[in-house]
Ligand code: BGC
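Presented below, as C-alpha cells, is a lone chain in the form predicted on its own.
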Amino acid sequence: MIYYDIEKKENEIWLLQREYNPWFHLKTESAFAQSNGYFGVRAAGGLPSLTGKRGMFVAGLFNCAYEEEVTELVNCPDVTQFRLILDGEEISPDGSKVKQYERKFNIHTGELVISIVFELQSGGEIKVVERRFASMDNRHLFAQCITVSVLTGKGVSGKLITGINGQQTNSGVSHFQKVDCRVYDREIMHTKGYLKEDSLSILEANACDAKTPVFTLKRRGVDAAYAVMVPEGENWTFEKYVYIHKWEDTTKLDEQKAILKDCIHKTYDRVLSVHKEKMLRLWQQAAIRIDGATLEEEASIAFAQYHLLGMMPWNSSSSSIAAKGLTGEGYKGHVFWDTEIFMLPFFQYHFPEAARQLLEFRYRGLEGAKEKAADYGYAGAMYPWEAAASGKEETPLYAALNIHTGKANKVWSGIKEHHVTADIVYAIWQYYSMTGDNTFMDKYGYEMIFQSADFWVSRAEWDEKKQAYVILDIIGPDEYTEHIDNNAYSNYMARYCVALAAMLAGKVKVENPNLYSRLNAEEKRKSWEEFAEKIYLPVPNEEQIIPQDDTFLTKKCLQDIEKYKKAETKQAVLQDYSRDEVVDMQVLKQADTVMLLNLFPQMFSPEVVRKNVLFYESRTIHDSSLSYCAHAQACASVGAMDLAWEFFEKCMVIDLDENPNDTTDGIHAASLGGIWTCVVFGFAGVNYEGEVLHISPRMPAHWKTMNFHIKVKGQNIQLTLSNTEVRLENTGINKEDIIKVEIGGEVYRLKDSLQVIIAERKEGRRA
C-alpha cells in the first residue's frame, strides 16, 4: 500500500504527504527528489529541521577522501536551505507551531511544493510555500521559489537568509579539499569546490522585492540576508536560481551569469513552463497508458519512469546510472549490473541514443576491466562489480559483522561475482539488435565483446570427468550462495558471451578486416568456438528443474522460510543464521535461475520455465529489491498471474510503501527499472529477439488495454494491446524496413499497421 496520498489533475499525478512526520523525512527526501540526469537534489524542506539528510549529487562527481575510504559519489554543497526570521521569531517546523503541513511532488514534472501554515508567537498565522525543480531544459539549472503570506493578524517583517553551504558531508566524510567563495556585482554568489581530480562550481542569483542584500562569507560557503516585509493579507515572493557546473563543462562564467539573470527576468513560472515542455516531450515517448489501472497503479508506474528519466546522464557517456540514481548516498553512488539488466531496457526501447551512452560508459572502463582481469590472473576484460568513474573495482573488501564471531565479513561479490561481464555483453547485443548501430559496434561493441570472451575462456577450467569446461568458485545473482561451482546463470551467460564473439568474428572478418586484425580475432576465434561448444551447461533434471549450481539441490531447505519472506526488515535471516549457514541451505536472496529465464524467454519450453519459476520462488526470501520485479515478470510469462500480480504489487511500492526505514539512502533504481520490465516484458509480453518483435500479452484481468511506444530499427512503433488483440502502427518517418512480428506463434510483417486477434487463453488472470 502506498503511504502517500495521490491526486490527478490535468493528466499530472501528485504524491502528497499531509502531515509533518519526521519518521518519514529520509524516505520522502529520496522519493520526492528532483533529478534531471546532471544532478539530483533530495527533497529536504528548505526551512531547517532536526531530522532528514540534505543532499545534492552531480552525475559522475566521485572522490576518494582518504586512502582507506571507498570512492563515492560526493554529497555536494546545499543550495536549498533558507532561514526565515519574522518579528524576532525564527520560523521552523520543529521550533514553531505548525497548523497545516503538505509536501507534494509532481511525478510528471518533478516539481516539489512544500506548504506550511505557522502560528506565530504573536498569535497571527503565516503560510510559507516553497516550490522547486531541476530543469530538463537546461540541466545545469535548479530553481526555487519561496512565498510568505500573512493569513491572519498584522503584517510581519524580518529577513530571509540563504546561500550556498559547502559544509555538506557524506555521512561525516568531507570531500572537498577547499571551497573558494565570492560575490559578483553584489548580486551573484559563487562557490568553487576542489576535489582530488575534479571541481564543482555553483553560482546563485536571487530576486525579491527588497533592497541590496547583506552578504556573508563563511567557511566553505556564502550567505545573503534579504529584508522581508509582508503587509497584512499580502504575499512576499523570493526566487532563487542556481547554476551547477563541473570542470569538464565548457560554459563560460559570463554565460552562466547571463543565464541566471535571464531566469530572474522571466520569473519562476515561465522558467518552469519551459521545463514542463521538455518533460512533456519525454513523456510522449515514454508514457504507458493503461485503461483499467487504478490510480495507485498508474502513479507507481509513472513514478518509476520519472526517476528513470531523472537518473539518466543525458548527452554524456562520462557517467552512468547508480544503484540509487542521484537521490542518496546508498551504495556510494556506484554502478552495478543493475544498469545493464534492469534499467537500460527502458532506454533501449524508448530512447536508444541514451542506451548507447550507457554502453559507451562501459567502454570508457574497458582498460580498468583489463587491469582487474590481469590482477586475478585472467585474460581479456573482467568488469568491476561496483564501478565509479575510472572503470576500476570499487567494491569494499569487508562489510557487515558475522553474528557469531563478531568479525567483519569479507565482501566476495567484487572478487567472485563475475556475471556482470556477460551482462554488459548481453546489453550490447540487445542494443545492436534493436538499432542496427554499426558505428557503435565498430568503435566500441566488438572490442568489448571480444575482450569479455577472452576473460570467460581464461576463467573456465577443463573438467576431465565432465569432458567440458567448468566455472568453479563463483557467485551468481543469488548472493546467499557463495563459492559455488557451475552457477547456471553464469555458465549460460558465459556461453552466450563467447558464442556471440565467435559468431561476430566471422562477420567482422568479412565486413571490417582492419578491425578484425586490430582486435586479434583470428588468434582467438578457435578458442571461442571450442569454449562455446564444450562449456558445461546445467540442464533440467528428471523433475525438469535446472540446478542453480552443482550442489544447490542437495542442500537442506530452510524450514521456516515463510518467516523471512514476510519479515519487515531485509536480510532478517542473517540475524538468525550466519552467512556460512545460509550458504548451506536452499535459500535464495533474490532471483538467480529465474533471471536467466527472463533474459532468454525462448531458451526452454514453457513447461520447464513454469516449473523452475515456481520451484525457485518457493525458496526465495526476496531480500533484494531486484527480486520482486524479476519474479513478477517471470510469473507473468508462464501465466501464473496470481503470483505475478502479488509480486508486482510489492514491486510497485518498494519506494512508496509505509515502511519509513526503507529508501532512506536513495530510491531503488533497479527495482524502478524492473517495474517497467514487468509491464512491458511481463504483462505486455513484448520482447525483441532474433530480429523478431515477439508479443504475447498476459495482462491482469482488470487491465483492459495498454498503449505505449517503442523504437525498433529507427522506427517508432505504437502498440495497443489487450489479452485478445494486438494493434501496431508505425508512426515514424522511416518505414523502409519491414519489421517481423511474432504473435501467437504466427509471424507477421509490419510496415504501416497491423491488427491481430489472439485466441483466449485458459489460464486464470485473477488480479
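These numbers come from a predicted model, not from an experiment. For every residue, the number given is its place in the sequence shown, counted from 1.
The following text describes the form predicted in complex with ligand BGC, which does not appear among the structures shown.
Chemist: Does any heavy atom of residue 385 come within 4.5 Å of a heavy atom of ligand BGC in the model of the complex?
Modeler: Yes.
Chemist: Classify residue 589 as contacting or not contacting ligand BGC in the model of the complex by the rule of any non-hydrogen atom within 4.5 angstroms, answering yes or no.
Modeler: The answer is yes: residue 589 has a heavy atom within 4.5 Å of ligand BGC.
Chemist: Can you check whether residue 199 is within 4.5 Å of ligand BGC in the model of the complex, heavy atom basis?
Modeler: Contact with ligand BGC, no.
Chemist: For residue 340, is any heavy atom within 4.5 Å of ligand BGC in the model of the complex, or not?
Modeler: The answer is no: residue 340 has no heavy atom within 4.5 Å of ligand BGC.
Chemist: From the candidate stretches 94-102, 330-338, 263-271, 70-78, select the single one in contact with ligand BGC in the model of the complex, where contact means a heavy atom within 4.5 Å.
Modeler: Only one stretch passes the 4.5 Å heavy-atom test: 330-338.
Chemist: Of the residues 626, 597, 636, 474, which one places a heavy atom within 4.5 Å of ligand BGC in the model of the complex?
Modeler: Here the answer is residue option 626.
Chemist: Just to be sure I understand the contacts: of 479, 437, 454, 665, which is the one whose heavy atoms reach within 4.5 angstroms of ligand BGC in the model of the complex?
Modeler: It is 479 that has a heavy atom within 4.5 Å of the partner.
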